[in-house]
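First comes one chain, alone, set out as structure tokens in the form predicted alone.
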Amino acid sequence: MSLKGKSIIITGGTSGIGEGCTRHFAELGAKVVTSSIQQEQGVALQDDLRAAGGDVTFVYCDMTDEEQIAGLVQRAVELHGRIDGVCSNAGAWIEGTVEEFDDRTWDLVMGVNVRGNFLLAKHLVPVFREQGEGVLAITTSTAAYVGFPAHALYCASKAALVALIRCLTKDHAGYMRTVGICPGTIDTPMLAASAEGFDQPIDELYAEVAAKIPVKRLGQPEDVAKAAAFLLSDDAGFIAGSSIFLEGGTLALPPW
């Protein structure tokens, strides 16, 4: 399950799951190009991991901007001569029902979560085709399969990624392996943001949620990073077109 020496791009790589992937992949010896719109955090993370001996480069990239996405792919090739894998983790979340969305929220959530992955794949395909191989791992969510209250737009965006993963698998068979990662309740800044507005302290709320999860804890970014590392490795070579669930068993629970 080695990533040692592999050239890996991470999007949304400076916070939450993405930061966990950046740190874990660097520890495994990968050549990491991590990106996000968090310039200060990105440079600090790059410097921290380089000081620890990691091969990490931060590139600013807005996933709604095709020119910047193309530049991210090009930069990775310039740095390392090839791209072995991509962990597409950048995501946007806004709460609301179908009555509450507007053009701004649609453009943000669908622009980052769906269009961003279309554009990323568009610019990766020629690289992978020329190399003859490459892996794209897209972070979707259990929200693609569960109707979370007041999450209509977010759930729809994540479900779209499940379909995209299947189409990419068929359309680019033989040189691009595409897989999905479906996290459940992971302890990230995005989860904290979703907990705002509740009357009880966040620690109490998290404890209640953890008690309902069969493994009796929230997921951590490193849980997802370890699974992503496996999916990007050669050991996962027969996994394609499907999404791996990382939700502590919550999907096995009955609806009562």
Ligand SMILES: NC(=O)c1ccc[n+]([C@@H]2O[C@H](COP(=O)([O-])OP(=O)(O)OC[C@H]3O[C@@H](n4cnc5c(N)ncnc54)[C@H](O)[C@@H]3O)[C@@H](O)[C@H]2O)c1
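From 1 onward, residues are counted along the sequence shown. Given the structure is predicted, the values throughout are model-derived calculations rather than measurements.
The same protein has a further form, the form predicted in complex with the ligand, not shown here; the description that follows concerns it.
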**OP:** May I ask whether K158, G184 and T188 each come within 4.5 Å of the ligand in the predicted bound form, counting any non-hydrogen atom?
**Re:** yes
Original post:
Applying a 4.5 Å heavy atom distance criterion, does V112 contact the ligand in the predicted bound form?
Top reply: yes
Original post:
Does the 4.5 Å heavy atom contact test between I9 and the ligand in the predicted bound form come out positive?
Top reply: no
Original post:
Would S233 sit within 4.5 Å of the ligand in the predicted bound form, counting heavy atoms only?
Top reply: no
Original post:
Hey, in the predicted bound form, does G91 get a heavy atom within 4.5 angstroms of the ligand?
Top reply: yes
Subject >> One stretch from 208-216, 59-67, 25-33, 46-54 that, in the predicted bound form, holds residues within 4.5 Å of the ligand by heavy atom >> reply: 59-67
Original post:
Relative to the ligand in the predicted bound form, which residues of 129-163 have a heavy atom no more than 4.5 Å away?
Top reply: T139, T140, S141, Y154, K158
